[in-house]
Ligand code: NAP
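Single chain ahead, written as structure tokens, the form predicted alone.
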Amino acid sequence: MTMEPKNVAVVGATGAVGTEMVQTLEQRNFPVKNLRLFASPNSEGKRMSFKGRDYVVEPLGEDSFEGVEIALFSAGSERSKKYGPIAARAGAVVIDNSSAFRMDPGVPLVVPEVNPHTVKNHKGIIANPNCSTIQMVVALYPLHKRARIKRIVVSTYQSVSGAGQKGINELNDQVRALYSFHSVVKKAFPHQIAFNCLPQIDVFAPDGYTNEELKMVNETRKIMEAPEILVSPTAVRVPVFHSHSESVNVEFESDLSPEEAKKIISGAPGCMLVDDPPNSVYPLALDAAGRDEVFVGRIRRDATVKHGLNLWIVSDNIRKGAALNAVQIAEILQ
């Protein structure tokens, strides 16, 4: 089916995710009739290229969405809360990458490989899930359809790009400082991230879990339409520029052998099986960077429970974990 050209806006266009959204629209040949790029006043007048043409970045305002049909938001929760409803009232379908609307029962939370049918329920706003949740459910949902998941224990190893451009800059600056025997400056993260691992992403809730970890619990249940699934997460920031890695332990209701799981993953939408440990072949953050797929490997039995598997899941958090997933949602709207 040929997609009808749309008037598209990208909000937060000059950030790490916004830039990737623009590139993804071009790379997937999304039918853009007119493109408008919005960002903070600091970015006003900057130029961005799209399909061989330069576009000027405009400041975001309440009158920015006249004629816009699809608005991709990557400007943070506060701006989404303010301008998302404004854009929707102006007639745009908002696809929001922030956490502002994810757990709103009236807003679909969509991963196209898992629950594309929920897009039709939108009332002007569709939420893009958290990056670490997206890659996990893309890999686990096809297994869940086969054997039903009871419990997930997940530890994430999340790259600094998950904190945006400021996270990338901070790791780069700290590495340079340390190799020059200078003191490091900490702004984006509470501790030095260079050559370190931080078991904190976002702020801590009263129960001791971080908001990032709680997102994985609540979003997984909503996306997979399985509120009974138990999810126990630990989210860790690591000194890697791009791609999140996850160690995932899954307990199923019935037996699922590693061999069958590998077969399922190899044929699942959005997944790529990379699993030959004797030859040191498994998903790597470096290999996933810039790629669309969710890479899955090291699939093996967990001998401590009756029906358990361990998996290693890696994906580019800016690509599939944000920009690509949003553009895929826009494609469903056609």
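Model, not experiment: these values are computed from the prediction. Start at 1 and count along the sequence shown; that's the residue number.
Beyond what is shown, the protein has a form predicted in complex with the ligand; the following relates to that form.
Peer 1: Heavy atoms within 4.5 Å of the ligand in the predicted complex: which of the stretches 103-111, 180-188, 155-163, 85-93 has them?
Peer 2: Stretch 155-163 is the one.
Peer 1: Is Ser43 a contact residue for the ligand in the predicted complex, using a 4.5 Å heavy atom cut-off?
Peer 2: The answer is yes: Ser43 has a heavy atom within 4.5 Å of the ligand.
Peer 1: Does any heavy atom of Ser98 come within 4.5 Å of a heavy atom of the ligand in the predicted complex?
Peer 2: So Ser98 counts as contacting the ligand.
Peer 1: According to a 4.5 angstroms non-hydrogen atom cut-off, is Thr14 in contact with the ligand in the predicted complex?
Peer 2: Residue-level check for Thr14: yes, a contact with the ligand.
Peer 1: Using heavy atoms and a 4.5 Å limit, would one call Ala322 a contact residue for the ligand in the predicted complex?
Peer 2: Because a heavy atom of Ala322 falls inside 4.5 Å of the ligand in the predicted complex, the answer is yes.
Peer 1: By the heavy atom within 4.5 Å rule, which residue out of Gln192, Ser247, Thr118, Ser77 makes contact with the ligand in the predicted complex?
Peer 2: Answer to the contact question: Ser77.
Peer 1: Looking at Ala268, Leu273, Ala39, Leu309, which is the one with a non-hydrogen atom within 4.5 Å of the ligand in the predicted complex?
Peer 2: Looking at the other structure, the residue within range turns out to be Ala39.
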